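A single chain, nothing else alongside it, follows as structure tokens in the form predicted alone.
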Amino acid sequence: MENHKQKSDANYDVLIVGAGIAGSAMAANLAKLGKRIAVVERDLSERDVIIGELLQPGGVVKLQEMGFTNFIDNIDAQAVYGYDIIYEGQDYVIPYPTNTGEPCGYGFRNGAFLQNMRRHILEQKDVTVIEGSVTELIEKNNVIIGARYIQKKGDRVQELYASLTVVTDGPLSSLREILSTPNKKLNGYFLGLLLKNCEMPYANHGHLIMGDHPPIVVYPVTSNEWRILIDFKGERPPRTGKLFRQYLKETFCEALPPCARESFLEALEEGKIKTFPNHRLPAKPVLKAGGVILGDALNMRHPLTGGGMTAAFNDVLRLIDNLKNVADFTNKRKLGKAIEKFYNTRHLGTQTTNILADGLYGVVYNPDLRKAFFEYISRGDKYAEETCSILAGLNKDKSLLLNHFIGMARYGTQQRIAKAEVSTENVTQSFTMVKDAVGIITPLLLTEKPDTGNKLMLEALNRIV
């Protein structure tokens, strides 16, 4: 992929650091506003990663709002119509909710999708794309005015100046501490394999497999490949040698549906195992003139529910909507107001995605709660449909999410008491489920921009326990 040439002393309306999903989407949208844009990306070649390969229906809706659904074209993307939840050999299928038309998500190779986005911005006359690494931001009188970078295969530090610098350098951001006060937590690692010519119980569906083992997620990414992700807790990635492959075979093969086991064993034999860290990073932006941060550089959640790209597109559209009202980006006061409004409202598009992702991660590792979760959604009706609408990124009602989360624990408690011999010990253990659920979701609520609504919710939770 060829990159545009640029003059080292060029001035731009916007400088974007990083041409990943969020950065490329920002560039594409800003180009429509007629802004002069510079994008600096470390590596423009097609990347081979195991994250960002499932776009939930809510993310597809945001692509439609941007007018860029063509980014999904010609990459062998696979429609995804819902989830098959598998628990100890039982399963329950939940379709994505249908209101108007038939909302669906898409599975695809992240690199192919991103190259479509990059090709688009390379074609825009007002966008200059530079392959190089940003070394630092340039500040003057506590205002960010640009960045220093070194071009790929070069050794000379060059400078770019812009009225607004957008930091979107992803999950491993080297600049986030300038524009936020991060408290990043490593939950562990996702291990990824590609299952070739595989059959799953339900075509064009995601599969969440739970049991007495780390959670497994499987979804289609091309017409003949399924991505399988296996969660591993720990501060260091697993060493993917021969002994580890044997461990994977013995631990996870039987947990998979029989129709997928041969493909899993073949993938293990091929040995192309990739790992990627799973982070939890609550958004804590710092308002600084001339700069803004978004996407994974600002905020991350566990990738178990595939909400990362949906959250990124929510960020992009919300920031773009605020920037539309700033005709002249050299007006620092108006630009600062637009960015402040973005920071104050972005959680409205991302909080349910974040809470559900990290909340469900807590549930699947709790034996009682994961059983309660499966039994709860297996009731069908609103218990499955409304929960799936939040997972899909279509419903952003935080109160509804909280009600279902606590309702799941209560239902699990009721079922346990109803099925077991009544005793003080059993009743106590049953109500521990509700306490555990509250313990999981309370800190998540507190980190999602606490407000009056959150305080009322926390008071209600305290009354429950």
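What you see is a predicted model, and the numbers here were worked out from it, not measured in a lab. Note that residue numbering begins at 1 and tracks the sequence as displayed.
Quick note: we don't show the form predicted in complex with a small molecule, though the next part is all about it.
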| item | value |
| --- | --- |
| Listed residue (Gly291, Pro285, Pro282, Gly308) with a non-hydrogen atom within 4.5 angstroms of the small molecule in the model of the complex | Gly308 |
| Selected contact from Ala357, Val134, Ile94, Leu160, since only one has a non-hydrogen atom within 4.5 angstroms of the small molecule in the model of the complex | Val134 |
| Heavy atom contact within 4.5 Å of the small molecule in the model of the complex, the stretch among 411 to 419, 392 to 400, 435 to 443, 33 to 41 | 33 to 41 |
| Thr352, heavy atom within 4.5 angstroms of the small molecule in the model of the complex | no |
| Distance check, Phe276 to the small molecule in the model of the complex, heavy atom within 4.5 Å | yes |
| Partner contact for Val17 in the model of the complex: the small molecule, 4.5 angstroms, heavy atom | yes |
| Contact flag, Val60 vs the small molecule in the model of the complex, heavy atom cut 4.5 Å | no |
